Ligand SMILES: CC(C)(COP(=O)(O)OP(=O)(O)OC[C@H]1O[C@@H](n2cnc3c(N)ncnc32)[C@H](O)[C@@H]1OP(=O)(O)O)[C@@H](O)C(=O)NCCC(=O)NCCS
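Here we start with a single chain on its own, the form predicted on its own, put down as structure tokens.
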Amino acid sequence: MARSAQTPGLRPFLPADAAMLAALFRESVDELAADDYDDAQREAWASKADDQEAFGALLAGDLTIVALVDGEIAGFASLKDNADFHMLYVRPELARRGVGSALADAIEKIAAGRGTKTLTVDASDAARDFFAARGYVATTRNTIEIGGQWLGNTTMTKALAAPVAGSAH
């Protein structure tokens, strides 16, 4: 392993993060989904971040958490309507080093703390195994259209444990 895993710091999304997260989103889709989607599909998917103002508004409309490693943005995740694990993206060079897991842990804890009993995610083919390893169960296979391209994903759900009263976790 070239670099040891380290627990990233987490903080809320700030409007000033929008441009950096849009670039991270595009890079993550392009590199980490290359084995599962062709060039045209990845370009259509990544183009959702081309309008940085709209992308920033999307992130601000969700509860979005940013991960930091060595003071630099390493990834982000968002929770929509307390029940939809909406987004999870990590800088490609930090993939499989704990950033995604730390973000997912935080989203799941927040959702559970807000009374969510079941969390749902529409997992890309690139992310399906990650979510399955976290206990998410596939319920529906989907085909979605983005920018004239058809992409597959899988709706997955996970039952969340109720928060323990008086717990410091």
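It should be emphasised that the depicted structure is a prediction, and the values quoted were computed from it without experimental measurement. Note that residue numbering follows the sequence shown and begins at 1.
Quick note: we don't show the form predicted in complex with the ligand, though the next part is all about it.
For this session: Tell me, please, which stretch of 46-54, 139-147, 59-67, 117-125 lies within 4.5 angstroms of the ligand in the predicted bound form when heavy atoms are compared?
Result: Among the candidates, contact is made by 117-125.
Exercise. Could you tell me if residue 133 has a non-hydrogen atom within 4.5 Å of the ligand in the predicted bound form?
Worked result: Contact with the ligand, yes.
Problem set entry | the ligand contact in the predicted bound form: residue 41, any heavy atom under 4.5 Å | No, residue 41 sits far enough from the ligand in the predicted bound form that none of its heavy atoms falls within 4.5 Å.
Exercise. Looking in the predicted bound form, any heavy atom of residue 95 within 4.5 Å of the ligand?
Worked result: Answer yes; at least one heavy atom of residue 95 falls within 4.5 Å of the ligand in the predicted bound form.
For this session: Would you check, heavy atoms only and a 4.5 Å threshold, whether residue 32 touches the ligand in the predicted bound form?
Result: Heavy-atom contact with the ligand at 4.5 Å: present for residue 32.
Problem set entry | Heavy atom of each of 81, 107 and 113 within 4.5 Å of the ligand in the predicted bound form | No, none of 81, 107 and 113 comes within 4.5 Å of the ligand in the predicted bound form.
Problem set entry | Residues in 97-113 with any heavy atom within 4.5 Å of the ligand in the predicted bound form | 97, 98, 99, 100, 101, in sequence order.
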